[in-house]
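Okay, so here's just one chain, in structure tokens, the form predicted on its own.
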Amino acid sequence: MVIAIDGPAGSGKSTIARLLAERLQVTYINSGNIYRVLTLGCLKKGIEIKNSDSVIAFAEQAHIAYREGEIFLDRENVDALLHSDEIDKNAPLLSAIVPIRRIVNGLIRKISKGIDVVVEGRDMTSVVFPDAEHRFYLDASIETRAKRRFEQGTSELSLEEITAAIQRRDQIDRNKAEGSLKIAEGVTVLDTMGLTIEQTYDKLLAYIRPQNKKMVS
């Protein structure tokens, strides 16, 4: 079973996808973290993100693995290193490189093959798993999303700066040459503004439960 979740930055998809995976006891894959890992690796090696050839060459040889919901780069657990302002700034640029998207999407399909997963990102429902058993798009206003990011306390930016950064991120995500953020046909859309995590979880589970009674009982 594949549960695919898309949505813009700050819509709550990462939090709810992880919670779903934990409670359904399936594998959680955060596609955005794979792009962040590649960004981290490039920055560590002094590779300019704008130098697409060098970025692609690095991505082709990088060893990325998921273990118990955490992500590793060349056997190092880098899960705690992926949410700096520098990576927030550069990851969208890296993810807009078409060959990089194909490398990452191929890795996600490989990890997911033959197992039950909850996977989230920008093009999971439209490109990577268009035939997934369950496809969701989570959304919220820019103001709501910016406030959530600000309250996480992982950024040194002001609320106004985070709002501007999310607006730029939305523009990049919605105008990518391949894998752009969009609501795919047949996807269930849920606005998370005003909803708690538990309320969002309950709403998604209500869609999932009828087809997977044994798993969500």
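Small disclaimer: the values here were computed from a predicted structure and weren't measured. Position 1 is the first residue in the sequence shown; the rest follow in order.
If you look for the form predicted in complex with 2'-deoxycytidine-5'-monophosphate, you will not find it shown, but the lines that follow are about it.
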| So in the predicted bound form, does any heavy atom of residue 176 sit within 4.5 Å of 2'-deoxycytidine-5'-monophosphate? | yes
Q | residue 32: touches 2'-deoxycytidine-5'-monophosphate in the predicted bound form, heavy atom cutoff 4.5 angstroms | A | yes
* Asked: If you check in the predicted bound form, is residue 169 within 4.5 Å of 2'-deoxycytidine-5'-monophosphate, heavy atoms only?
  -> yes
query: Counting only non-hydrogen atoms and a 4.5 angstroms cut-off, does residue 124 reach 2'-deoxycytidine-5'-monophosphate in the predicted bound form?
result: yes
Only one of 158-166, 35-43, 62-70, 183-191 has residues with a heavy atom within 4.5 Å of 2'-deoxycytidine-5'-monophosphate in the predicted bound form, and that stretch is 35-43
*Non-hydrogen atoms within 4.5 angstroms of 2'-deoxycytidine-5'-monophosphate in the predicted bound form: do 140, 144 and 148 all have one?*
no
Applying a 4.5 angstroms cut-off on non-hydrogen atoms, the residues of 90-113 near 2'-deoxycytidine-5'-monophosphate in the predicted bound form are 91, 92, 95, 101
